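Take a look at this single chain in structure tokens; it is the form predicted on its own.
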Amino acid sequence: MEAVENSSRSLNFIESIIEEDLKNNKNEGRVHFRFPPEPNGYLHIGHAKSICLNFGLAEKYHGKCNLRFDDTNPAKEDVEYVDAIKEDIKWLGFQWVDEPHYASDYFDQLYKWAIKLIQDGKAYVDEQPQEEISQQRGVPTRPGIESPHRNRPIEENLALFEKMKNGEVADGSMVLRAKVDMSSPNMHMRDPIMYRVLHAEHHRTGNKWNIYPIYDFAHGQSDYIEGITHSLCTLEFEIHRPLYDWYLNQIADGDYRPRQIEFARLNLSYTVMSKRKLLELVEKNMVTGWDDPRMPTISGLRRRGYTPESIRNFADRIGIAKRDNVIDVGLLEYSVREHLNQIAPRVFGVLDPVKLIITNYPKNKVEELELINNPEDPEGGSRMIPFTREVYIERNDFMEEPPKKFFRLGPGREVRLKGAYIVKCMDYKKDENGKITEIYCTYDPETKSGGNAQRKVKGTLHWVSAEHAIDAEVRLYDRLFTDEDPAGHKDKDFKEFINPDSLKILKHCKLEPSLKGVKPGDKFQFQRLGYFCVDNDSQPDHMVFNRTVPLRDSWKKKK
């Protein structure tokens, strides 16, 4: 296979490795990747970066990318997670080759290789408690202490390993360890555990197995079985690479080896990226579930209204690095805003309505006004919306005593109702608590938008006909955490930084009638307010919208 040229940007270090391999016809010109999630939770934005990398490189180099589930820990895994992961990958716009693979597909072969290592004198059964094993490993600056079972006879190891496999020993009572190097400065090489006893039903193999391989033993061997050429991992696996290669050297025939390459994981500000911590938020009901729109999970971002294109653009923007760094979450929000600006129809929605009555407009008149759906989309077309004597505007678009640079509505002031007429405030009405209930205006019929007489005013307001308005619930989502690095404080729990204002629910919003019949997932720009998405909870008689992102980043002003 020939190297693929990319004139739009320079190659990242992984692409340089691949192109050098192709130039040298390594692996006979094959390029084969894999995305290997553990099905113990929902994927998050960090996984999205890895998905875009692996599947994107497969597309660029006309290669293949497998989906392989690392299902070696049945105590934490679930079919629900398997199905969610498949859905997330497809939603992002990628497709794996063939059927999904599973590490459990290879349990028989992995067991045979474990037997081979025992027979070759390179693995042994250790009956010590885990605490004792950990202590004997010591520290990198001095050699560890060998297990008293390290040199037991091969036949005895085989017999004990068979007992482990047959379920004749208790959980935690025995492990199979590789015999590597107890003096290595790399702690992962100090006789690592290969198998542990675990009496748990597996979602695919049932109760067939009572022993399960450790990730380090299953990972490289699964790559080898599938013919993976470039095994891309995040930087925390760099120190595991010597063990990855050691295992392969014990079992591989011929020259072929998959190559592990590490890249920096995605660290995002104001976000936690640990599945364990995200699971804690779900289990403690601090969010409504894995797909809560405040969560950094792909399902949560999808429900909030993020688009797959925006996430892929974000992944491309941040690129691939060799060193860890923190990406400002504002860049992700910018990528979402940029794409929605191109595709989202503009509509009118009033979130905190107050009634405006145009006293000199005919009481029963309904005027149909034509508005452009999206000036950024040449194919976006237009729509007709009704204009009547009574409309709703935003409460904060009116002030009784407006300051000089307030270009909205106040007593004696004029504004344009977007797409309609210029109106002038003549009076207003308050209730017994001093709350504005009605605003009284007159309109100038010579100032209709699109007409010949275009008198200029500084303020333009969005509005909705009171007679035709649709009621809706709108959920205003903000960042889930108030701290830039909520998980980075050793003396504090990350949950202490939960943003108490991360969700505000507005019950009595008014929307233009063109939104009747919208479906969950439909996306719009509420003019002057931000981008919004129809939520999964929405029903024809109870419409629910989520705010995806504001029109511009207002977070820095809050801090």
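All residue numbers are counted from 1 along the displayed sequence. This is a predicted model, so every value here is computed, not measured.
The following text describes the form predicted in complex with the RNA, which does not appear among the structures shown.
- Contact with the RNA in the predicted bound form holds for all three of 175, 407 and 416, each having a heavy atom within 4.5 Å.
- In the predicted bound form, at least one heavy atom of residue 213 sits within 4.5 Å of the RNA.
- In the predicted bound form, the RNA sits within 4.5 Å of a heavy atom belonging to residue 72.
- Although the partner is absent here, residue 38 is a contact residue: one of its heavy atoms lies within 4.5 angstroms of the RNA in the predicted bound form.
- The RNA in the predicted bound form comes within 4.5 Å of a heavy atom belonging to residue 318.
- Among 159, 79, 426, 331, the residue placing a heavy atom within 4.5 Å of the RNA in the predicted bound form is 331.
- Scanning 147, 449, 299, 250 against the RNA in the predicted bound form with a 4.5 Å heavy atom cut-off leaves one residue, 449.
- Only one of 427 to 435, 454 to 462, 114 to 122, 289 to 297 lies within 4.5 Å of the RNA in the predicted bound form by heavy atoms, and it is 454 to 462.
- For the partner-free chain shown, 375, 376 of 372 to 400 come within 4.5 angstroms of the RNA in the predicted bound form, judged by any non-hydrogen atom.
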